[in-house]
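In structure tokens, the next block holds one chain alone, the form predicted on its own.
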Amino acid sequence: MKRLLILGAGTAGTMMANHLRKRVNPADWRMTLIDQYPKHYYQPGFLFMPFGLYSEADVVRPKRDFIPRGLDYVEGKVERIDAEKNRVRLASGGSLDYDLLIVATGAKTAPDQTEGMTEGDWRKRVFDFYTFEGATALRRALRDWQGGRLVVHISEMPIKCPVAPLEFSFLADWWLAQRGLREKTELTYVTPLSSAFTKPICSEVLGHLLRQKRIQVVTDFNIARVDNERHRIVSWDEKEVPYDLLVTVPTNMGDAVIERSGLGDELNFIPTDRHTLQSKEHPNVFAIGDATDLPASKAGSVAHFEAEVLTKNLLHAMREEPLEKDFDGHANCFIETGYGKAVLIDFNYEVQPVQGTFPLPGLGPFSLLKESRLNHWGKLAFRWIYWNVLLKAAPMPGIGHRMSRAGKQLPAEALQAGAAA
């Protein structure tokens, strides 16, 4: 009997386990899922926790609740992937051989990569919200906020959910206004990019919202260090941004096991074929979700679309058939803008976000690249969909892994900018 291993029981790994359990004959392939952590986190919910909109109960479930029967589950730490020998070594001392390997080890924040970030101000004036612990600590800090300089900051790209720092800024503007603290707060958004977002048309829309909400923007800021004594962040070219409360997105990196295994780039992301999801170096290794180096968003929707393509390609690999070059970089994301509204974007490798309707051409019900209350409710509904549909690999009628151009307004610059990205 042949063996398939899945490393990581986060969003991508859990979806793959459920997809494959439905499609693979257990008499032919033994499948094993390995993860060291017992809790599964709904990471998009971390955005809402600092503002008291979500509680711990909304974002945490036991991982075992989503792992299908008929699949081996090992709760343990992977020490090393020995790709030359088709073997995974566990920290406990054991090892598992494989014929096919799926790496779904995700991405993690690495605040220690920035000088001074984890020193005196850490979790006192400097917080992140990309971790459960960080979001919880930031919630406590905001309860005591009475005004001052609130800075939202991105260390470097790529990051998980690239729009989340913008969403935090918009929600902070709303939250402060509700509490009579907006006029007492100088709200600043600091990014290493040259504009609000990576895609020009979308960046123009989001930039307008930042100006409308009187959120100051500092672009091209590449952080060198956090000055804990003077409470400011300093760039490599010595620009400074002072803060009373810094909400930062630290450097995001792939799991340390990728570095230990010599399989990743300088940020521990695996070089992956952008259309097949096969490792560029090892034909029987595949990567999915945040573990890849793909030029696509590191977001749950992307992992969902990738999982559909990867499932087909693994079935091809099991039968020694050619792989399908079918993943187009499709990403779909609701962007909270505050005051009970949100923007929806839908794009891929070739087409940047544009206006239109989704998922039905001309009917919606969601509008693309425009604020609406319905988009906000779509964002909130996604939590239920995540727990009950996405993780369980249930079908979502009308939303395919390939981005549809129907219902979208596609000026020439949308195609040209998207293709060049």
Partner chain sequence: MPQKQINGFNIDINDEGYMTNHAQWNREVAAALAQEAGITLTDAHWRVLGFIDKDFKEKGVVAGMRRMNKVGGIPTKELYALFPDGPIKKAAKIAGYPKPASCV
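Residue numbers count along the first chain shown, from 1. Please read these numbers as outputs of a predicted model, since none were measured by experiment.
The form predicted in complex with the partner chain exists for this protein as well; it is not shown, and the discussion that follows is about that form.
Contact with the partner chain in the predicted bound form, defined as a heavy atom within 4.5 Å, holds for exactly one of G148, P162, G207, P242, namely P162. With the partner omitted from this view, the residue of E320, D144, E266, E84 that lies near the partner chain in the predicted bound form is E266 [heavy atom within 4.5 Å]. Of the candidate stretches 87-95, 304-312, 154-162, 123-131, only 154-162 contains residues with a heavy atom within 4.5 Å of the partner chain in the predicted bound form.
Interface membership of G76, defined by any non-hydrogen atom within 4.5 Å of the partner chain in the predicted bound form, is ruled out. Taking the partner from the other structure, the partner chain in the predicted bound form has no heavy atom within 4.5 Å of any heavy atom of R179. F347 belongs to the set of residues with a heavy atom inside 4.5 Å of the partner chain in the predicted bound form. T198 belongs to the set of residues with a heavy atom inside 4.5 Å of the partner chain in the predicted bound form.
By the 4.5 Å heavy atom rule, the three marked residues M49, E119 and T136 all fail to count as contacting the partner chain in the predicted bound form. In the predicted bound form, just one residue of 100-133 lies within 4.5 Å of the partner chain by at least one heavy atom: Q113.
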